[in-house]
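Quick heads-up: it's one chain on its own, the form predicted alone, in structure tokens.
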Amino acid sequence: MKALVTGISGFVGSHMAEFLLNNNVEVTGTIRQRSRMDHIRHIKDVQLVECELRDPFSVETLIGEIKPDLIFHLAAQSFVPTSWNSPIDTIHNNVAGQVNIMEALRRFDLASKMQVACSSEEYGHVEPDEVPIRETNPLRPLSPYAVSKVAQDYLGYQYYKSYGLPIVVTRTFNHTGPRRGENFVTSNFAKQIADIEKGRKPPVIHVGNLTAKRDFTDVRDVVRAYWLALEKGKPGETYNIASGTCYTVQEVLDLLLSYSNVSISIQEDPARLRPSDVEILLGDATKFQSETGWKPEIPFEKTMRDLLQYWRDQP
């Protein structure tokens, strides 16, 4: 079996590659000229292809050569604050890449199963009586990134209905773990703590909004969910991937600080606050669990310990 992983050098892509290789799947991954290779340097037996997903010709050539059985479309501009600074680039990057892949599948008449990695950010503004959030909840996106993911979500459905492409959309709630980019809140806290422990910065941790509530799942549980989405999920359907448990950002910070012996103070940084923030994202993954049997297996405490250790281990 052959799988294509777009964005293989990223956080989720690298874990996806490891999972697939452990299941004896032949893996090809897309990278770009400026891709950082740190996350996949240790991974052997992966074919890496330089491909600009926004270029239709490059994508068509890639799909025609590989003819993958499975596609895990993970490549995206995925950092919400960046989407405020570069809204059109975020939307173009995320939408064009997916359309080019689907168009290539259509032209070659391939029956490749495709998973589209969308996001709980699509739900955006959520009323108190709408929690936990089900797939039927209205989409009220609150950032350009979220809008781009709504577009990806609906395009997946449209290409399934219009052309019969076997596409499964996953709306994943917050996920974290080793290799998470330092821009993301859990990883940013862990890196700051590790840097303080190494004496690289003063014992002050800089924070943004600590009241936001998030549903965190370990990335290693998430990539297993993506596999099951294509193995047991139904094409044309959308599935929440979530733990069903909520933590405030303050609780996440407190947990990480509890793993350190250094005395660290907390300071709010206005630059870390967003123009608008989603107050609560708590997911209901009942639909996905009932159809695939998936459930998270890694405790949040282990996820946070592993994440902090990852940053401690960085040179």
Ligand SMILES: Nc1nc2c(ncn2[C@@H]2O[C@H](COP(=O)(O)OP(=O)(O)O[C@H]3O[C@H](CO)[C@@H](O)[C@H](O)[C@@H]3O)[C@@H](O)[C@H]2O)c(=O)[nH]1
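Source: prediction; values computed, not measured. Throughout, we count residues from 1 along the sequence that is shown.
Another form exists, predicted together with the ligand; not displayed. Remarks below refer to it.
Visitor: Taking the pose of the ligand in the model of the complex and superimposing the surrounding C-alphas onto this chain, would you call the site open or blocked (blocked if 3 or more ligand atoms come within 2.4 Å of backbone or C-beta atoms)?
Guide: Site status open, zero atoms under the 2.4 Å cut.
Visitor: Within 4.5 angstroms, counting heavy atoms, which one of the listed stretches 161-169, 95-103, 125-133, 204-212 is next to the ligand in the model of the complex?
Guide: Partner-contacting stretch among the options: 204-212.
Visitor: In the model of the complex, is there a heavy atom of the ligand that lies within 4.5 Å of any heavy atom of residue 157, even though the partner is absent here?
Guide: Heavy-atom contact with the ligand at 4.5 Å: absent for residue 157.
Visitor: Could you confirm whether residue 249 comes within 4.5 Å of the ligand in the model of the complex, counting heavy atoms only?
Guide: Within the cut-off, so yes.
Visitor: Whether residue 174 contacts the ligand in the model of the complex should be assessed with a 4.5 Å heavy atom distance threshold; does it?
Guide: Contact with the ligand, yes.
Visitor: Check whether residue 188 has any heavy atom within 4.5 Å of a heavy atom of the ligand in the model of the complex, and answer yes or no.
Guide: Judged by the heavy-atom cut-off of 4.5 Å, residue 188 is in contact with the ligand in the model of the complex.
Visitor: Could you check which residue among 147, 80, 139, 110 gets a heavy atom within 4.5 Å of the ligand in the model of the complex?
Guide: It is 80.
Visitor: Ok, 41, 67, 36, 272: which has a heavy atom sitting within 4.5 Å of the ligand in the model of the complex?
Guide: Going through each option in turn, the one that passes is 272.
Visitor: Does every residue of 120, 180 and 184 put a non-hydrogen atom within 4.5 angstroms of the ligand in the model of the complex?
Guide: Checking in the model of the complex: 120, 180 and 184 are all within 4.5 Å of the ligand.
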